[in-house]
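In the form predicted on its own, a lone chain appears below as structure tokens.
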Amino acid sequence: MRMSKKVLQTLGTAVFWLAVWFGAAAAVGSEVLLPSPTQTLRALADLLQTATFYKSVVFSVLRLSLGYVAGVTAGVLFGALTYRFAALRTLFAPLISGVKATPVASFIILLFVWFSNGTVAAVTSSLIVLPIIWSAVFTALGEVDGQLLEMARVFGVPKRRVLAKIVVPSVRPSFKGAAATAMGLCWKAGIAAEVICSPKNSIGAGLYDAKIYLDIPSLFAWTLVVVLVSVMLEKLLVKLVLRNKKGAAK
């Protein structure tokens, strides 16, 4: 009963916003300015019939996933090290502040000078992810129950077990939220980098070409693909984290 209500609410919301989209497109009366959902789906169907579309999606997902994994790994490592060593915290504080404050466009342009256009999106994604994970891990480590740690020390619990049974479960909730947030920002920043650098076989190149040729239905279709892939990757990430949580609980 509860599931049926949720499905009906989701369908009702989708129908409402589709109706708004149809109405706005009809009011504008030009697909160059605002294509209708039908025109967008027609453009998407045309894209689905080309091999380039699938290559672009696969290469973009691989490219940005690599950047995401690199950013998460570096974020966890730096978060743990800077929490453990105050000297490193002082040393790297300007770096983390600079990464947070620098506009994404500046990153992309600078990286475009230093790296090949096929590498920029991955590096940009990792730089966006890194400070989010770093901050979450650092903060969560500071909130680990000190009494539990002290009790483990008194009873001589091995450090590996302390890490697995006390530290990791304490950090996981903050890490999970930060990882989901970082995934969305990683995808947005990575696609923006692809649009600017236009590497071969990428979603960003498809968006750029659609914009150049004023093929607005295709632009909307590519944007729809970006949204759908981002949502799917985020849900996959959450499932993986939840599965790991269940495995740790056992």
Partner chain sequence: MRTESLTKTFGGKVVLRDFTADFPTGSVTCLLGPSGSGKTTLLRLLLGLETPDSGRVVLDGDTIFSVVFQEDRLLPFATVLQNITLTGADPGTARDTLRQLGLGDETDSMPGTLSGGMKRRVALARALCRPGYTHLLLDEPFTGLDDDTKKSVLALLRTQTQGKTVILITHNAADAEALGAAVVKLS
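Predicted model only: the values in this text are computed from it and were never measured. Numbering follows the first chain given and starts at 1.
The discussion below concerns the form predicted in complex with its partner chain, not included here.
Colleague: Only one of these stretches, 68 to 76, 103 to 111, 129 to 137, 168 to 176, has heavy atoms within 4.5 Å of its partner chain in the predicted bound form; which one is it?
Modeller: Single hit among the candidates: 168 to 176.
Colleague: Is there a non-hydrogen atom of residue 159 within 4.5 angstroms of a non-hydrogen atom of its partner chain in the predicted bound form?
Modeller: Although its partner chain is absent here, residue 159 would stay clear of it in the predicted bound form, with no heavy atoms inside 4.5 Å.
Colleague: Is it the case that residue 151, even though its partner is missing from this view, gets within 4.5 Å of its partner chain in the predicted bound form, heavy atoms only?
Modeller: Judged by the heavy-atom cut-off of 4.5 Å, residue 151 is in contact with its partner chain in the predicted bound form.
Colleague: Please determine whether residue 147 contacts its partner chain in the predicted bound form, using a 4.5 Å cut-off between heavy atoms.
Modeller: Flag for residue 147 set to yes.
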